[in-house]
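Shown below, as structure tokens, is a lone chain in the form predicted alone; questions about how it binds or moves come after it.
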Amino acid sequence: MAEYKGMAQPSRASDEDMRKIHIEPVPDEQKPEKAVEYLDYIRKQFRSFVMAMETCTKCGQCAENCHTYLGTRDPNNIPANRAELIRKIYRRYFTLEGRWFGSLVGAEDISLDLIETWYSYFYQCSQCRRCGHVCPFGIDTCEVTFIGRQLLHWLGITPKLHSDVGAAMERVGNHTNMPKPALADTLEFMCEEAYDEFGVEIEMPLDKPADILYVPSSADFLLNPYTLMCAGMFFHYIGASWTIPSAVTEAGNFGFLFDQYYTQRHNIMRLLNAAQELDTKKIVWGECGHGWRAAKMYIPTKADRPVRWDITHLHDEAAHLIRNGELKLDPNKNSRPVTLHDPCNYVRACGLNENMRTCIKASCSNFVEMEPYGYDNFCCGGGSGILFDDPDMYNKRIQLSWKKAEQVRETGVGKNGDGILCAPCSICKAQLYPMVEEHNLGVEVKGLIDLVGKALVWD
């Protein structure tokens, strides 16, 4: 592809210009110029991005703390080097030394080849934020990745998985295109399964006016049925007035992962409309890491109305009741050895570290911590929606999971082939299901509310 060398000064994009962006493929010959134009807009909006562009000293602290680099050993997957892919363009067009001295100061002209490189590496980063956790300057390279993905989306470059999920959310309110009749049938089936397996008669209401609006992951209707079934058992146990809204049967918000400006906000509006229509007092989030981060951090700022509902997480609700002695659990019901994978968005963004442990220690009799754990834990390798199933990317996903597999193996919970790897996030589950098989770890992947539900003591 021909290199673009045309712009010494980018054209200016106003807020109004950005609001008018109509997402469709930008012709290749226009992509370089548009990329710099959009980057100009971004740098004027976010001082933290400018700090990330101008502060890194390439100390290397982030390298051995990045599971992506540890799994691939690709130098471009070192977080500082990944950020450099966009920093050298920033330096070329927005700094005096870059405009004057070019490559002598590490600046580079924008080109289609470089934009293709952005796509490759910004979608190998799982946005786990561990690099920001160890950076001596506090640079959050995850934010650089977010911005890179947003720029790519504005150029019309988005992975099919992400764009399909975004479109499905707009159509039916979940990632899997399940219409309301299918949702209702699945919930009825789960009630029957709960009775057959646990001897408990429950209801799983859909679109019923209720105090609690529960937002599950749509994957719980298909891949993680015990997570949704046990959430229903939990609400039944505590006597809650609760419902699932058919308009939003998805705790995840893929807009957070590629399009902060429209797709994420659309999902938030859909949720608040459902809460209002169903006369809700509280919104409780299901097991999805990035979805909970998007809800907790962005609903108040992206909503088109005052947010009058309490918004909390299922694990927070369960931990509160456990500490108050209101949830009777028998940990011997979960006697198999179990270890906990800490979803990155929970522990490094949402403060769920201790509440997850309150739940798992009360529900399991043989709990073994990973090392490191909690805030220091490593990503599963599938975060931020890196769940592409084409052969090349599938193999890449297994590479990215190398560090997590090593952590699980070192706990010893799978040495007899009967261990449990607790993964309290739907994207983590989707990554870990094949990972435990490929790495032969001898563990079964389960959600956290799965374990709580099984441990409930019924009078």
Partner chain sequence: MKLLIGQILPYITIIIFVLGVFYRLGRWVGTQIIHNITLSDPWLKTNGQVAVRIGTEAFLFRNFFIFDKALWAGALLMHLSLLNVLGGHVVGFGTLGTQFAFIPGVSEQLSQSLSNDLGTIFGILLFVALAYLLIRRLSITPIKQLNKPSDILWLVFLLLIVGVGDIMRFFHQFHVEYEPVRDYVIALGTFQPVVNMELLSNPVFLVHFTLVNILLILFPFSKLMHLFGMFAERWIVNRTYHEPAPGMPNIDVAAARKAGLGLPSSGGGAESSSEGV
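These numbers were taken from a predicted model, which means no experiment stands behind them. Positions refer to the first chain, counted from 1.
Another form, the form predicted together with its partner chain, is not on view; read the next lines as being about it.
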I have L114, P209 and P306 flagged as a candidate spot, so tell me whether each of them has a non-hydrogen atom within 4.5 Å of its partner chain in the model of the complex. no
Does K403 reach its partner chain in the model of the complex, with heavy atoms at most 4.5 Å apart? no
Taking the shortest heavy atom distance, is E29 within 4.5 Å of its partner chain in the model of the complex? no
I'd like to know whether G138 contacts its partner chain in the model of the complex, with contact meaning heavy atoms within 4.5 angstroms. yes
For F388, is any heavy atom within 4.5 Å of its partner chain in the model of the complex, or not? no
Looking at 177-185, 119-127, 200-208, 362-370, which stretch has residues with any non-hydrogen atom within 4.5 Å of its partner chain in the model of the complex? 200-208
Could you spot which one of I311, I157, L272, C191 gets a heavy atom to within 4.5 Å of its partner chain in the model of the complex? I311
Sort through L329, I78, I86, L340 and report the residue having a heavy atom within 4.5 Å of its partner chain in the model of the complex. I78
Just give me the residues of 274-295, first to last, that have a heavy atom within 4.5 Å of its partner chain in the model of the complex. K281, K282, V284, R293
